[in-house]
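Presented as structure tokens, the chain that follows is alone, the form predicted on its own.
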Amino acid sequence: MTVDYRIRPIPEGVADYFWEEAYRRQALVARLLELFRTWGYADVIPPTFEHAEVLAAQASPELRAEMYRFLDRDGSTLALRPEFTTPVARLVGTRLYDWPMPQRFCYAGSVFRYTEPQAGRQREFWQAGVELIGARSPEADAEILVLTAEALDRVGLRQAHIVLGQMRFLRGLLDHLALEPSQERALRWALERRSEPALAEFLAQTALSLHQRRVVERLPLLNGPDPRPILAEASDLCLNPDMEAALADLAAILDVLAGYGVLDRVDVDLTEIRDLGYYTGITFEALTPELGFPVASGGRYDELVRRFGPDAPAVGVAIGVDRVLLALRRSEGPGSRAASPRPVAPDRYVLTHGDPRALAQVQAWRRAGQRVQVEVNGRDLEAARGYARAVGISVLYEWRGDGFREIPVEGEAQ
């Protein structure tokens, strides 16, 4: 075959998935969707691209900058979806607003962001997740958190834990401080990166009362695995009713989590800031020992659906399929990483020699759920064994007139 080297390879930030890697990816997504459906979530498949102004409706400046935009032939600006939450909110706000609430949706597919490729994330990456729309209760928030923990258990990340924050607490503080935009950005930056020098610089350059300064200084301490002392400490630092209401809401969510028996999987961190632009209440990330970045994240977004239609509170989570697969590979150890992709071996590789009775048996195996590959190139037994050896099949089956004979690929054929 002649290769035309003028044809460029695939762009940076995307990847081909095939054979075993593609199989594992599809199987993981199938397990997640099956779990979501058992919790009453219905499938949704939003478009891969939409009008850019819709996807940017309440996105943060960072997320807007990462969106892939392009012009349609009519001159309108379109964009590839950078996440699933906004398209689902748009669907509910414009088409399903008069259906009974709450509404539950689950999804899986590719999203696109123009960022530097990194471990566990390309510019096209996969997400699987759920959105619970039309409920503002602690029970709704807890359901998403418990489902996240169960989903990670289901796929094999049983040591994952959830770091839970509360955007309303931070917003209440920022409203009270009434900072200049540059000052607010400096404080957020310091908290997001847990930088003591940056926080000290913010305090040195900002005029605050002694009580306000004490609250800001103690913010980085409001995190840990035991939530009750953290909430008690935070309660002493509240500067307004919004901060108090945020803590009361968080306490109610923790009570529900305790009822589900998953409270030991949750760390509270009131400096946890994951703001895609639309979060209004809890935010959270799921972390695993294998990775230094989250495998899932989500939160409450009570103001997004109203951008497209009637008001509807909502909460959801997105699980990073690529990152889950990377964490699973690392948990299995270096020996589990194949040097090159390998096909997934079928349950049976058979030589039927065209016998109708053999083909009938093949169909019976397939109806029983077995993966059966029939030799279609007319190979004889030795050539078939060579093919099987090359693709990783250890046993083949040959029709011998009255039935199939099991023949080892290695060793002498019988």
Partner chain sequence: MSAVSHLRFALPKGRLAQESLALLRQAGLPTPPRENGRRLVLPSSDGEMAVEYVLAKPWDVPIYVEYGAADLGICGLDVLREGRRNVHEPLLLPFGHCRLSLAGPASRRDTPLRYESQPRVATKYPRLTRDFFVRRGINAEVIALNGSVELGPMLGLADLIVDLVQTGSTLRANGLVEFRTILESQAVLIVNRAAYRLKATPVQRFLARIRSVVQAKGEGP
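Here, rigid core means the biggest group of C-alpha atoms that superpose within 1.5 Å across both forms. Remember, it's a predicted structure, so these values are computed and weren't measured experimentally. Residue numbers count along the first chain shown, from 1.
There is also a form predicted together with the partner chain; it is not shown, and the following applies to it.
Just one listed stretch, out of 135-143, 311-319, 168-176, 186-194, contacts the partner chain in the predicted bound form at the 4.5 Å heavy atom level, and that stretch is 186-194. Of the listed positions (Gly261, Gly292, Pro241, Pro341), a single one reaches within 4.5 angstroms of the partner chain by any non-hydrogen atom in the predicted bound form, namely Gly292. This chain is displayed alone, yet in the predicted bound form one of His161, Arg81, Arg90, Arg104 has a heavy atom within 4.5 Å of the partner chain; that residue is His161. In the predicted bound form, no heavy atom of Thr115 sits within 4.5 Å of the partner chain. Looking at Glu285, you'd find a heavy atom of it within 4.5 angstroms of the partner chain in the predicted bound form. In the predicted bound form, Ala207 stays away from the partner chain, with no heavy atom inside 4.5 Å. In the predicted bound form, the partner chain sits beyond 4.5 Å of every heavy atom of Asp249. Taking 2 Å as the criterion, Arg158 does not count as shifted between the shown form and the other one: its C-alpha moves by less than this amount when the rigid core is aligned. Once both forms are fitted on their rigid core, the CA atom of Arg185 lies 2 Å or more apart between the shown form and the other one.
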